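Before any questions on binding or motion, here is one chain by itself as structure tokens, the form predicted alone.
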Amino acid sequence: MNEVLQAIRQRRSIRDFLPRPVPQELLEEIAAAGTWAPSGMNTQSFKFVVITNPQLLSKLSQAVDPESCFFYGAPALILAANRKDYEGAVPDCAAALQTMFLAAHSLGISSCWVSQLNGRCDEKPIRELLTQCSLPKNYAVFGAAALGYAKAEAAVPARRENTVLWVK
């Protein structure tokens, strides 16, 4: 099996991270991989906000959900954002995030998709933090990647049957 197919089958969502920071060079590689993801009509209108500052991560977590950490305590979070008025914003951000997840896996970094910011970017405390991160007001976050080192290896979930329909 080739490396890409193997990475697709081996990558797991991790929801329990070690407090160990992810090296800057690896985060740069992961974010750069996202820029190579496909985008509708090659618009490449996505923006990625890489957050590693623990105080900012804590403030964002509190603004989103004061009861729990929506990004599972990962030491790094990459927000995938796009223009609010762009109809391809969601699929473009999804493609970029999946590309980043596979890049992270290839570098030994665990990840998890988080979507708690969807539809909430204009709530005042959240928008203030996004503005602090230099995200333009006409952009919204359509998904994020929690990144770090896993505390434990994730179990392999069973695959569902009958999910591929063939029409010949």
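Fair warning: this is a prediction, and the values are worked out from it, not measured in the lab. The numbering used is simple: start at 1 and walk along the sequence shown.
What follows is about the form predicted together with a small molecule, which we do not show.
- Site residues 48, 84 and 134 are none of them in contact with the small molecule in the predicted bound form, judged by any heavy atom within 4.5 Å.
- Only one of 31-39, 108-116, 59-67, 123-131 places residue heavy atoms within 4.5 angstroms of the small molecule in the predicted bound form, namely 108-116.
- With a 4.5 Å cutoff on heavy atoms, residue 159 counts as touching the small molecule in the predicted bound form.
- Using a 4.5 angstroms threshold between heavy atoms, residue 13 counts as touching the small molecule in the predicted bound form.
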